[in-house]
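Just the one chain here, laid out as structure tokens, in the form predicted on its own.
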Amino acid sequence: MTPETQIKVPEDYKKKLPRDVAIALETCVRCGLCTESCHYYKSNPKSDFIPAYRAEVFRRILRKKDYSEKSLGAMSDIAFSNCTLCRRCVMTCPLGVDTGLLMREARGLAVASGTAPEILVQLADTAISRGEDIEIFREMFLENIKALEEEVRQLTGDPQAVIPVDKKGADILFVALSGAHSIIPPSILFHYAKANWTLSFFEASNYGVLIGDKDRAKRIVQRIVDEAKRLGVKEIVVGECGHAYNTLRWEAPKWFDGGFPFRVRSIIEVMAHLIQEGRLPLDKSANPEPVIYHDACNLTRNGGLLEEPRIVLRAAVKDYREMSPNRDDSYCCGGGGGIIAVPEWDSKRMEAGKPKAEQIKATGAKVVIVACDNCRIQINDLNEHYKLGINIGGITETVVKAILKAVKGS
């Protein structure tokens, strides 16, 4: 194929753009105030990393209907590997242009034209296939949960502790991530909170959202929505995953007529509520070292959870400190938007994570708490790459340490 080869894309693609995307496309005045906001640009000041430039690449393709292999390939690379969809640039734009939204739409065009990273598309399709025939996975899943249940019983010292699955009439459907670290601490938390809960068969992550494909994203969410309705739960509680929370809480209800018949909360919100009601025994001495919290973009800037994690950590640790800047002004860690799943982008994400590494180092803290699995992986990699000498932990496991110390004294 030559660089001039045209790639077939959906007819009249620009006419089908959502209104908010169309407005963002036409509003930018190229003032450049977004430039310094980007962690990519801050670590490597190249024009490719200026948010306005990234958006302009997308605009030119739509305006000129330039669907050549060369142009769409360049757009795909910029949208996926040069942007984590953190939307920090939106905070500095005087006109509120949402470049992150534009980059997600550009990702959608890349998927439609076959120029998106294959591994990310495959991850989305794998999640969909699991929802289509859960019986293939059921027995293995239940066996794994039984093994994790034994660990919960050992940690709590309670032989009656359980990890309920497929429990009708539960108040909470907890949607975790793959891995014991995402299931055991919440199970202990719910045990001591005496919660009426059940564990979802499905994982929280949604690569349909990360690739900008609404159809795939909705089908991944549909699995969880159907499960919640079948079990009759009152709410879905999302585990420590930023984009999964933002998707289920804010975006997905708009994809279904009438919204959801249940509410959606993050486990961070649940813990903050339990702490404020005095329903959790906590001993701060379980977490004696200086602790800082990384504000995950999708939880904080995009999800609105600014104070809840701080309520939780101040109740569970002895020495809580802040990075600067923080909350909705915090720098992205560099691992969001699916970039962490593509090995050939490892060096780029290490470079993009430099501002976050410098933030961490400046605090002098030895423990970084995160509430997003992608952030946890990324900060662990930054720790090794920049020799930060820190420990990384999840927010739920930090609370559970304080619970077990209060209950068992060890």
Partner chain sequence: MAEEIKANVTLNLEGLMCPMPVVRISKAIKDVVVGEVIEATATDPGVLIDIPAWARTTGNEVIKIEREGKIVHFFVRRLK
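Bear in mind the structure is a predicted one, so any value in this text is a computation, not a measurement. Numbering follows the first chain given and starts at 1.
The same protein also has a form predicted together with the partner chain, omitted here; what follows describes it.
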Selected contact from R263, R327, R130, K167, since only one has a non-hydrogen atom within 4.5 angstroms of the partner chain in the predicted complex: R130
The partner chain: the contacting residue among S285, N144, T92, Q222 in the predicted complex [heavy atom, 4.5 Å]: N144
Exercise: I377 in contact with the partner chain in the predicted complex, heavy atom 4.5 Å: yes
4.5 Å heavy atom contact, G364 to the partner chain in the predicted complex: no
Touches the partner chain in the predicted complex: E277 (any heavy atom, 4.5 Å): no
Proximity of E344 to the partner chain in the predicted complex, heavy atoms at 4.5 Å: yes
In the predicted complex, segment of 267-275, 111-119, 314-322, 225-233 with a heavy atom within 4.5 Å of the partner chain: 111-119
Residues in 207-229 close to the partner chain in the predicted complex, defined by a heavy atom within 4.5 Å, in order: Y207
